[in-house]
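Starting off, we have a lone chain in the form predicted on its own, written out as structure tokens.
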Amino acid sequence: MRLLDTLWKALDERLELAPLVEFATHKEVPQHRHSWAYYFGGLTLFFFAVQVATGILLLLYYRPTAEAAFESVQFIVTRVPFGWLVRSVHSWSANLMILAAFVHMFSVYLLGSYAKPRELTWWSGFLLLGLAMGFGFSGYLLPWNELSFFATRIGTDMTSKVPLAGPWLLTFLRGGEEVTGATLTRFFGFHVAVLPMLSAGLLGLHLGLIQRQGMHVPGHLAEEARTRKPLRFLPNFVLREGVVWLFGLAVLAALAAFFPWELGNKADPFASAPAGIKPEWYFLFMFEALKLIPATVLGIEGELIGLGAFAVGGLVWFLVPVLDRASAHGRRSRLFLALGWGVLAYLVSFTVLSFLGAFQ
């Protein structure tokens, strides 16, 4: 104990940690019927930390070239002790991180937690979700297997439909006209350098805003929150958050152990695409919707119309703190509340129907 006291005093003298501890010990978390939603942000952060840890371990053996990428992953899962488990944990935690991020985003939206003065918190969270999906898309190609190769070809090909900048975006992402080893190297750079750097900065801003502004209480639950005793951040809320993390770890361990992530066959750029190829589940809502649009609509390419609609929808979703003026006065706009439920129903239904093969 004396050693810990000495270490604490030394750190406090240099970093002035006492005000932070004082803030944490006096911080309180409001309690109401929907306070469970407060835990999904921390759960997303937990899965992100797992991603970082397992990603560093995989980097020790992975080689980002078209000639060696598949073989290096194969070596990891067959020869490296517990390599198959580390890779499975990395892959499953990526999916669980994005799932937790989506749940967190919709809980924030439906509870109206984007209202003034939390606009920056909403915008930084929106960008973090986009970066998480970017992690998934860039990391999907790295094993250089058959499925990831052709899914990346289809995904990057969509960028060529963007007016004016389409050809440039396609070349920027692929490193050339086609998906080649240059694309793999470029995606590797995005995955391990560019996206982590951007995520670290945005994550620091997002967490700082949350600590500065505190937890949001929806207007219709304000009276209930006043009548219930708030939860102390330290140690009560932190301990409950820890239990949620342990549950997330248990789910992750079960998925990784009983459903190991498959490697498949090595990519062959000269082979034809396998039948029924699809992107990862968090892109299925877009993939299936684009398939339903006719080839041309009023003389305009259908895929271009679909991508334009998604761009407009994303912009509206991003700007909802500004567009929903009622939220600034503690009220909820029925229009934007209905919009949130509608978007959620669309995402869930199209994803489930795609898994069931309803769009074949």
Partner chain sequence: MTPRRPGPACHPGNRGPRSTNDPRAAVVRLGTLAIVAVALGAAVAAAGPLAASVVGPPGKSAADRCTACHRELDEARLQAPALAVGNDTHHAQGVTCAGCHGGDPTSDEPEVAMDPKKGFLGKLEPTQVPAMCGSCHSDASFMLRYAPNIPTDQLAQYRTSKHGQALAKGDVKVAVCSSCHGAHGVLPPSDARSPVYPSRIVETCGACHGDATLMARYGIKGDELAEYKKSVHYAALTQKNDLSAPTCNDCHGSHGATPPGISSVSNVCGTCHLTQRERFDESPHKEAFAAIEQPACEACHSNHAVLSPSDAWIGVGQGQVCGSCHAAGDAGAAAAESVAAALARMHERLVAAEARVKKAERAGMLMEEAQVKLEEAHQGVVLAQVEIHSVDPARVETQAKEVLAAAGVADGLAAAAEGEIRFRRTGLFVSLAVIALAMVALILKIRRMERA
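The shown structure was predicted, so the numbers you read here are calculated from the model rather than taken from an experiment. Positions refer to the first chain, counted from 1.
Beyond the structure shown, there is the form predicted together with its partner chain, which is absent from this document and is the topic of what follows.
- Remark: residue 258 counts among the residues lining its partner chain in the predicted complex, judged by a heavy atom distance of 4.5 Å or less.
- Interface membership of residue 262, defined by any non-hydrogen atom within 4.5 Å of its partner chain in the predicted complex, is confirmed.
- Contact annotation for residue 126: none of its heavy atoms lies within 4.5 Å of its partner chain in the predicted complex.
- When its partner chain is considered in the predicted complex, residue 213 lies well away from it, no heavy atom lying within 4.5 Å.
- When its partner chain is considered in the predicted complex, only one residue from 228, 220, 116, 79 comes within 4.5 Å through any heavy atom, namely 79.
- 250 is the sole member of 277, 194, 250, 200 with a non-hydrogen atom lying within 4.5 angstroms of its partner chain in the predicted complex.
- The stretch among 283-291, 237-245, 142-150, 161-169 whose residues place heavy atoms within 4.5 Å of its partner chain in the predicted complex is 237-245.
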